[in-house]
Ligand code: NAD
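So this first bit is one chain, no partners, the form predicted alone, shown in structure tokens.
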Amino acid sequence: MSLSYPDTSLFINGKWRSASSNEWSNVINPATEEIVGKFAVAQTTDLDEALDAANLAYKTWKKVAPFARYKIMRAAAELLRQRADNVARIMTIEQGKPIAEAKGETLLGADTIDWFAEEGRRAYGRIIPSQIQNVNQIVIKEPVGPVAAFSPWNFPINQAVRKISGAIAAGCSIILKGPEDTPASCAELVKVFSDAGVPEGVINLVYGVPSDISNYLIPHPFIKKISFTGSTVVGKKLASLAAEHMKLSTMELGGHAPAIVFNDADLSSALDVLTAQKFRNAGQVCVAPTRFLIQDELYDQFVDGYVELSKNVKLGNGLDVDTTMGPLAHDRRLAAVEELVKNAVDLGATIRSGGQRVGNVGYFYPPTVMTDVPISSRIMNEEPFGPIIPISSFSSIDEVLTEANRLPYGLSAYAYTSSSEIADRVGQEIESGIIGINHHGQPAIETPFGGIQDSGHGKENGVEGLESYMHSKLISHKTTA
């Protein structure tokens, strides 16, 4: 297998090119810490060109029939499937996740394009009976306009494809600020849309200094909607900027998901799912389980089982087929995880497995199971975004529901129980946009994805994800008859 990695240019008005300043920045392989390539760093002049292109393209793309948009998108999905092996290899080199996970993400991206293509044909309006004679009340759906979207490094295809697909299926144009840590796989996604026939200017891709790009794009009068996936801290700043300029926004932000295991749960199933989902992408997943709350009778068995299963994780370069967990994505993430573990230990936590960086080349950090973790520790209050597992016990359902709702996050939550009564209380009382009971329960493409409170607002995927790129117009027409 070749380890060649492409340099990543900007894509503006249908052309791949360097930045106007010809400035480039390096891409690091997190498994080896080697420079593997570079990406173009956009300047204001590049953003102006992208804005002009998106604004002009929108005026024609919004008039293209939904069925014609559907055919182009379906072609893009097929191209992505055909190129999945190459895209997955690129993603693993730049992001670190195991090659099987990277290919799965790529193929899911193709399915996402297909779904939005189909749903875009069904963005129906409605006729509302009027209280007044001879008045027809018609509601139609219209695209909101050019979109500025910002996608993260942890899922370079998965996050970007939702934004692109939702926007163009609705008839919008889009400027995507791709992830600088993982630029090339995101660029491969944009290529399939271009190669499938998406017109010039409908999709534009830029990289650069994130704050400079967001501060320039969001207030610009051409931009009508913002879509951001990333940290709560950054999301709040961008949401504030969007609100200042009365821009629509979808904010998919961080989480700190409680994973509750009741005494009557199927322990084996809970362990299997919660280990698999925690170690996926080295824990760098916004909906990963992060606070493990186990009822008294099962606590010791759960801890012992989790420690044992964590030892089965094969840490290594994601290109090795037997690797089950790759490195953290960059040195910043490694430092953050190390600080969280140190803080917990300093406050009295006990490390049951892991707890130290593996090797001195590559950003490898092992599954780290901790018990006796004080509620005041940072890991019990901040999104860990890594393979750290703090496990605590609880006695009553009231106690655990209080803990589940203690933090201002509200993205996802999980519970395991054989009691329909407990399951009902969990579903009704936990404050979260997504709740999985007796399985991971993450939304499929056709179901809404998004959080509440500090985890953001708005939805991606599902009909809600498409409608977030559209607005409803009422046409009230009194006939002369």
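Residue positions are given as counts along the sequence shown, with the first one as 1. Since the model is a prediction, treat every value here as computed from it, not as a measurement.
Keep in mind that the form predicted together with this ligand is missing from the display, and what follows is about it.
Scanning Thr92, Gln295, Thr323, Gln159 against this ligand in the predicted bound form with a 4.5 Å heavy atom cut-off leaves one residue, Gln159. This chain is displayed alone, yet in the predicted bound form one of Val198, Val190, Leu253, Ala265 has a heavy atom within 4.5 Å of this ligand; that residue is Leu253. This ligand is not shown here, and in the predicted bound form it never comes within 4.5 Å of any heavy atom of Ile175.
This ligand is not shown here, but in the predicted bound form it comes within 4.5 Å of a heavy atom of Cys286.
None of the heavy atoms of Thr106 is located within 4.5 Å of this ligand in the predicted bound form. Interface membership of Thr290, defined by any non-hydrogen atom within 4.5 Å of this ligand in the predicted bound form, is ruled out. The candidate site formed by Asp398, Asn405 and Ile435 is entirely out of contact with this ligand in the predicted bound form, as no residue has a non-hydrogen atom within 4.5 angstroms of it.
Stretch 226-234 is the contacting one of 305-313, 226-234, 266-274, 367-375, since its residues have non-hydrogen atoms within 4.5 Å of this ligand in the predicted bound form.
For the partner-free chain shown, nothing in 264-284 comes within 4.5 angstroms of this ligand in the predicted bound form, judged by any non-hydrogen atom.
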